[in-house]
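Here's a solo chain for you in structure tokens, the form predicted on its own.
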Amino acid sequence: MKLVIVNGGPRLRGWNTAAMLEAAANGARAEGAEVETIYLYTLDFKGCRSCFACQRVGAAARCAARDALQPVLDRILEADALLVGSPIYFGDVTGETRAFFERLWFPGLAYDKARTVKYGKRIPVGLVFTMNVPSDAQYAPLFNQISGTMERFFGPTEIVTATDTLQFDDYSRYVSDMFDAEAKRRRHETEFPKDLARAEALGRRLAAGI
């Protein structure tokens, strides 16, 4: 069983999104899965270029752009499960994550009257979102749109979030007095381990096919 994890956050190690995805990877490995983690911020790629090559008659359900993301997309379409994680910036996923979604989704949709999904293989999908705000309620429309698209194109999709996340090691070094730094630290110490446990459980479920 092969799980592909896509990290759409800029901080590659040790911080919120990366830690949540690593916890999920550990859970999947504990269930015997092979795990590959891809860091979008290390790749040279762009979003959909609107070339429409993937919509030509007889075209394969593959993005035609030849760059660092193209082999990643191929590996995702060959995988048995997919997990994507991103922090939320200004009410949306990171720019790299959005560009990745464009390239992943567009080739799988036919412009026929039935709006046929061209990807034949159904796989479980996990989504991990981390954010600084105290509650994820305001982002429900965004999360529902992403998860709904994933379910349509790939398969059953589950979301795990972490809210009120820690941003800095030392808040005193930054202009950040809108935050209660001590409360942030306490929350990170008491609640973030629970978020990690939920991410690990998600990884286990993905490995088991949800």
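Treat the numbers as computed from the prediction; the structure is a model and nothing was measured. Residue positions are given as counts along the sequence shown, with the first one as 1.
This next part talks about the form predicted in complex with a small molecule, which is not shown.
- Contact check for 52, 59 and 111: none of the three has a heavy atom within 4.5 Å of the small molecule in the model of the complex.
- When contacts are judged by a 4.5 Å heavy atom cut-off, residue 165 counts as touching the small molecule in the model of the complex.
- The small molecule in the model of the complex comes within 4.5 Å of no heavy atom belonging to residue 124.
- Although the partner is absent from this view, residue 91 contacts the small molecule in the model of the complex, with a non-hydrogen atom inside 4.5 angstroms.
- Interface residue remark: residue 139 is counted as part of the site for the small molecule in the model of the complex, having a heavy atom within 4.5 Å.
- The candidate stretches are 111 to 119, 70 to 78, 127 to 135, 97 to 105, and the one lying within 4.5 Å of the small molecule in the model of the complex by heavy atoms is 127 to 135.
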